[in-house]
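Listed next as structure tokens is one chain, alone, in the form predicted alone.
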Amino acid sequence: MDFTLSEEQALFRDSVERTVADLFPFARRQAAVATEEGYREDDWRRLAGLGCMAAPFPEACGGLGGGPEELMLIAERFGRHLANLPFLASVVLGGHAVLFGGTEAQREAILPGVADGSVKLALAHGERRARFDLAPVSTVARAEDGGYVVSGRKDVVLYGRAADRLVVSARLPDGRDGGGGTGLLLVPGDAEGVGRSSYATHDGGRACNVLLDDVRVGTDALLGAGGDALDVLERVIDHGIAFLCADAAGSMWRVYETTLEYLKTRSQFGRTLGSFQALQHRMVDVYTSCELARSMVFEATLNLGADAATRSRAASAAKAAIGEAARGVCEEGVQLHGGVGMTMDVPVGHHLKRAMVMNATFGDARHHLARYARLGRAA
């Protein structure tokens, strides 16, 4: 595999780094997280102007013709600076559900708005009884009056309150292929019968539970040709996992750098903390974990275009390994900062919160170890 960035990718990475660093100094980030929405719309528009939302989409859909590598570069910058935005929800999950599951006409109608930041999407798929399994879907879309009537409940919809449209998974008893299956439907966020209960996540992000009470949509709301959309969902979630892993790797490197700087400047017993060999050894372990995470991110990202089994194995391997490594690195950062690390006045504790949420999103380490083993046996 070639891990070398092209000149254009390197310039894009540097531009994103400068912009995100300018938008998310710690105090300003904390003020944004404390707002009702959890982010600033001005920040969203500025990143859209930079091309972040357009980066992974084809030029025919208003994008810049990039792909997973550009998403990786963005995610790493977000993780380093603790950026909380609806990017994962709208661009990676909702946008790619339309990209992978929609018809050409649907992609060309919807994705330009996502690419320029004027339209926000959210993927409403999770249900209580399903936990991390994508297959069980109890939400139902029944055919009625030349359209669909959608009923059910979706939980932990990331930035669902901010979404203009929800990409909702539902069972199609009357599927166009005659056999039903799971479909993806575009539901306006303000449609009659849509109830959204928003709350803050542990890391300062936002999510909501969505109640769909006989929501009526047209037949054009169904993405693609109908039928079973589980393959599309799995592909979308694997992209989301790769994005989360890159975000976590960026967060880990920032914890390493800030902790190392702290140990070099903080003195105790007349010596800097960094001069104690035991702490040096611990920092070597942190550095090793960061390098491991970087390698796993490359592996997951570059396999997103592979066949389904290879893609999913790489995503699960990265999620299991980086999930545990990120929490370990951030816990070390908190401990090595001493008492101040236990407060919420320095970024290191917030990186730990981010790692904990990353671990729980799209499946924890145990789930992905089991998925990796299952995929390995199938191969």
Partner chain sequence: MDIGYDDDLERFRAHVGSVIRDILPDDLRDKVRREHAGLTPSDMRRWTRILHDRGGWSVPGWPAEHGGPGWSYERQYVFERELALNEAPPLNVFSAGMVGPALIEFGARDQKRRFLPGLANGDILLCQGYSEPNAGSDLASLQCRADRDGDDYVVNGVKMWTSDAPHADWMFGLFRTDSSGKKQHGITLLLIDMASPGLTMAPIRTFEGGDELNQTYFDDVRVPAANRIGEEHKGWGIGKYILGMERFGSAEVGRSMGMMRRLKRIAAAEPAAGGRLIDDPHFALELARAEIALREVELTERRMLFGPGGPDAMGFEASLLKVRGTEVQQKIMGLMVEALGSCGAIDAGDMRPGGDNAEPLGPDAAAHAGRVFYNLRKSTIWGGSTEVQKNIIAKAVLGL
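Positions refer to the first chain, counted from 1. Remember, predicted model here, so these are calculated numbers, not experimental data.
A second form of this protein, the form predicted in complex with the partner chain, is not displayed here; the remarks below concern that form.
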Just checking whether residue 29 would be counted as a contact of the partner chain in the model of the complex - the rule being heavy atoms within 4.5 angstroms. no
Given that the partner is absent here, does residue 324 sit within 4.5 Å of the partner chain in the model of the complex, heavy atoms only? yes
In the model of the complex, does residue 337 come within 4.5 Å of the partner chain, counting heavy atoms only? no
Though only this chain appears here, would residue 283 touch the partner chain in the model of the complex if you measure heavy atom gaps against 4.5 Å? yes
Which of 212-220, 253-261, 129-137, 184-192 has heavy atoms within 4.5 Å of the partner chain in the model of the complex? 253-261
Among the candidate residues 228, 291, 164, 155, which is the single one with a non-hydrogen atom no more than 4.5 Å from the partner chain in the model of the complex? 291
Taking 4.5 Å between heavy atoms as the contact cutoff, choose which of 72, 121, 248, 111 touches the partner chain in the model of the complex. 72
Near the partner chain in the model of the complex, with a heavy atom at 4.5 Å or closer, the residues from 186-203 are none
